[in-house]
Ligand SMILES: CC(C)(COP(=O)(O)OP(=O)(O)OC[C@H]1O[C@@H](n2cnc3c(N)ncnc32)[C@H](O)[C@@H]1OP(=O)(O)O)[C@@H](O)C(=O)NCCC(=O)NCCS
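A single chain comes next, written as structure tokens; it is the form predicted on its own.
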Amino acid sequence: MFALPLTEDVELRPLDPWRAEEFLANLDRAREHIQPWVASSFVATDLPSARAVLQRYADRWASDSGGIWGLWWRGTLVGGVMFVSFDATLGVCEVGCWVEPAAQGRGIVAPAVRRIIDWAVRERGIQRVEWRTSADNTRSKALAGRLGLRLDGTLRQLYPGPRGRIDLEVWSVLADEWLAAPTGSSPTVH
């Protein structure tokens, strides 16, 4: 119920707080893989903290300021996509994603990110979609490029990290660029 098939093997579903056990199991499989790239507040370590993460996103969805959806590959939650932030008044949102190692490289994430960007632009009138990532996260930057986002710039030494301060790259796509792309594809990067 409430599932959107993306491929024969992959479904996009709401990741509500009642799915905290599945979410925690996914994070346990993904923890070492995603920990360098996501906020520590996202990487829950027990059932109460997993439920709290999902509740924060449920609250954001209810207040029209974010949202989170899981990616089920052959019936198992393997990652997801989210609106890290969403401001319909300003017409700006930030998208993000995560995936566990076993599902990496299978083409699972891009269609889901494409789907939420398309919804934000076409249904909600978002004018600017952002993607923020560590300058060291080559896979994230490659995905942003494949999706048709452009690198706007780098916020140097923005956050402290385990090996020193982290440079954060900001990528974006504008609504007119997104809408000009053929249906089902991403804008061409110039």
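The first residue of the sequence shown is number 1, and the count goes up from there. Note that the coordinates shown come from a computational prediction; the quantities given were computed from them, not determined experimentally.
Omitted from view is the form predicted in complex with the named molecule, to which the following refers.
Note on the partner interface in the predicted complex: the residue among 151, 38, 135, 158 having a heavy atom within 4.5 angstroms of the named molecule is 38. Of the residues given (93, 117, 99, 77), 99 alone sits with a heavy atom within 4.5 Å of the named molecule in the predicted complex.
Using a 4.5 Å heavy atom cutoff, none of 20, 24 and 56 lies near the named molecule in the predicted complex.
When the named molecule is considered in the predicted complex, residue 122 lies well away from it, no heavy atom lying within 4.5 Å.
Proximity of residue 139 to the named molecule in the predicted complex: non-hydrogen atoms within 4.5 Å are present. In the predicted complex, no heavy atom of residue 165 sits within 4.5 Å of the named molecule. For the chain shown alone, residue 43 is not a contact residue for the named molecule in the predicted complex, no non-hydrogen atom being within 4.5 angstroms. Listed stretches are 122-130, 61-69, 44-52, 141-149; the contact stretch with the named molecule in the predicted complex is 141-149, by a heavy atom cutoff of 4.5 Å.
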